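A lone chain, given as structure tokens: the form predicted on its own.
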């Protein structure tokens, strides 16, 4: 599938109708989602015919992208039942098969590296300090091949140090820097839209 076709399909997906600020729910736009998954497959071969987990999947944009790129199995995890309802509708609309699980990914009790690849757009940790690191720690425990994750560029050194020192990463690499258009979703947002610099990371876990 070509990048433009993937972005077009993701652009038709439903997003959060009532986003929850405490969960830092922001939609992963089709521009970023398509490039994230397209790069994971075309540069590294980490999606097609792989078992892919989407941590904090929200409305399922990254899950859908993985399914469209022919992952053998896609599982989306999220704590919010309303988001998972939307994600299920999105999967049905695209006619792709995705399993959705309601749970707190930071408390997952999976034994060992049970998936090939984890993709995620975790909370940035602005509402709950350290939430981004909790997601990364959980992802690194279950992925055997790679973890792809978005983090604010301003946290780059901190992310790299923690991944290599604390989270069993063999390598931690910023693949590209992207602009994340944060729409005005909450009352405390003063501006209509905020443009945030984010890094797309690829982490390679050590084999257990």
Partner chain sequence: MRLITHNMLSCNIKGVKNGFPLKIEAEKVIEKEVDFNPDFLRHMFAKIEWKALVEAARSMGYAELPEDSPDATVIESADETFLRKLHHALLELHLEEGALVCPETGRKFPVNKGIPNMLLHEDEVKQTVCIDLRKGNEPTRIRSPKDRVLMQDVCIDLSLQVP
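Since this is a predicted model, take the numbers as computed values, not measurements. Residue numbers count along the first chain shown, from 1.
Another form, the form predicted in complex with the partner chain, is not on view; read the next lines as being about it.
**Q** So in the predicted complex, is the partner chain close enough to residue 173 to count as touching (4.5 Å, heavy atoms)?
**A** Residue 173: no contact with the partner chain in the predicted complex.
**Q** Heavy atom to heavy atom, is residue 93 within 4.5 Å of the partner chain in the predicted complex?
**A** Heavy-atom contact with the partner chain at 4.5 Å: absent for residue 93.
**Q** Is residue 178 close enough to touch the partner chain in the predicted complex, meaning at least one heavy atom pair within 4.5 Å?
**A** No, residue 178 is distant from the partner.
**Q** Contact with the partner chain in the predicted complex for residue 169, defined as at least one heavy atom pair within 4.5 Å: yes or no?
**A** Heavy-atom contact with the partner chain at 4.5 Å: absent for residue 169.
**Q** Looking at the partner chain in the predicted complex, is some heavy atom of each of 9, 69 and 123 within 4.5 Å of it?
**A** No, none of the three is in contact.
**Q** For a quick check, can you give me the residues of 34 to 62 that have a heavy atom within 4.5 Å of the partner chain in the predicted complex?
**A** Heavy-atom contacts within 4.5 Å come from 49, 51.
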